[in-house]
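We begin with a single chain expressed as structure tokens, specifically the form predicted alone.
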Amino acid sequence: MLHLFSVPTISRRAGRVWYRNLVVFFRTWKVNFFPPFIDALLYLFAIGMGIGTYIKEVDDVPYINFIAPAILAISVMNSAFFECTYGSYVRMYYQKSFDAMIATPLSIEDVIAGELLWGATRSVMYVAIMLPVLVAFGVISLPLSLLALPLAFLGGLMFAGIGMCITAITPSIDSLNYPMFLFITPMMFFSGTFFPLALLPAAFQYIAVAVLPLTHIVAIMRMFTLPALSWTILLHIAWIAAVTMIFCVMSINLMKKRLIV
């Protein structure tokens, strides 16, 4: 058990892995930049302007403005989590990219750390693409909303660590469907995204705050984009930082165990 939480040794070479993934990303930039742009529009039109015609305001905030930060938070979650589950699994098992990199002076710790950093970077990229769309529709406030970018990196690193832990223990790529349907999808609806947490029974509210990472990302995003800063932001950031550290360390140690035969 102690092995899972032992602090890994990571060198600057992890940046080489990050850069490798960045180069691959920009080689197919048309495919990679299009989805987050369309996602923002779909959420705004389908939920914000669709359901928003029936729900005018939530807590004295126009409904479309209420869900705008949730759109960004969901993008942070999805981009990092899927990059470090399906993306990393394909690179590890099918493309054998991990084996090739480990055969160089790169260590396993460097490779996984580079993957985690890349997952967090994907979150920042997706939020950076979606922000101008939301600004154009006038549903978020500048300049405070720009703080969504560093938050995207921290939140992305957290979901990258969670995703990599799952990748390390999953027996096959098909098994990755389970965390998606049992963890990611429910969290997308019960983390204060499309309706306030206060509408849930008290027990579910406590579970959402204590267990669901997206709850904290949504809360901070809402403070930045409405804007409506509160001292509780410190509690949310502390929770995210602690969980990020735990899962990133665990993911590196679990992947090391899996890759060493």
Partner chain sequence: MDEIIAAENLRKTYDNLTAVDGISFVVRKGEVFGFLGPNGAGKTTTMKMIACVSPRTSGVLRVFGQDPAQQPAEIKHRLGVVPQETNLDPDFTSFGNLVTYSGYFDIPAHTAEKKADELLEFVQLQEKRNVEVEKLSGGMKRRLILARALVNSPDLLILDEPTIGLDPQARHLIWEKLKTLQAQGNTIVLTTHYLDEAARLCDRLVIMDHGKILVEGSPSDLVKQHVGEEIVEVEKSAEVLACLTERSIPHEMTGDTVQIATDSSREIVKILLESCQPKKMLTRPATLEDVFLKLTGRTLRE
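Computed from a prediction, not measured in an experiment: that's the story for all the values here. Positions refer to the first chain, counted from 1.
Just so it is clear, the following notes concern the form predicted in complex with the partner chain, a form of the same protein that is not shown.
Counting only non-hydrogen atoms, which stretch in 150-158, 164-172, 130-138, 93-101 is within 4.5 Å of the partner chain in the predicted bound form?
Flagged stretch: 93-101.
In the predicted bound form, does A241 come within 4.5 Å of the partner chain, counting heavy atoms only?
Because no heavy atom of A241 falls inside 4.5 Å of the partner chain in the predicted bound form, the answer is no.
Do M125 and the partner chain share at least one heavy atom pair within 4.5 Å in the predicted bound form?
Output for M125 is no: heavy atoms all beyond 4.5 Å of the partner chain.
Flag V24 as yes or no: does it have a non-hydrogen atom within 4.5 angstroms of any non-hydrogen atom of the partner chain in the predicted bound form?
Taking the distances in the predicted bound form, the answer for V24 is yes, it comes within 4.5 Å of the partner chain.
Contact label in the predicted bound form: P105 to the partner chain, heavy atom within 4.5 Å
The answer is yes: P105 has a heavy atom within 4.5 Å of the partner chain.
Does anything in 246-260 come within 4.5 Å of the partner chain in the predicted bound form by heavy atoms, and if so which residues, in order?
Read in sequence order, the lone residue that approaches the partner chain (within 4.5 Å, in the predicted bound form) is I260.
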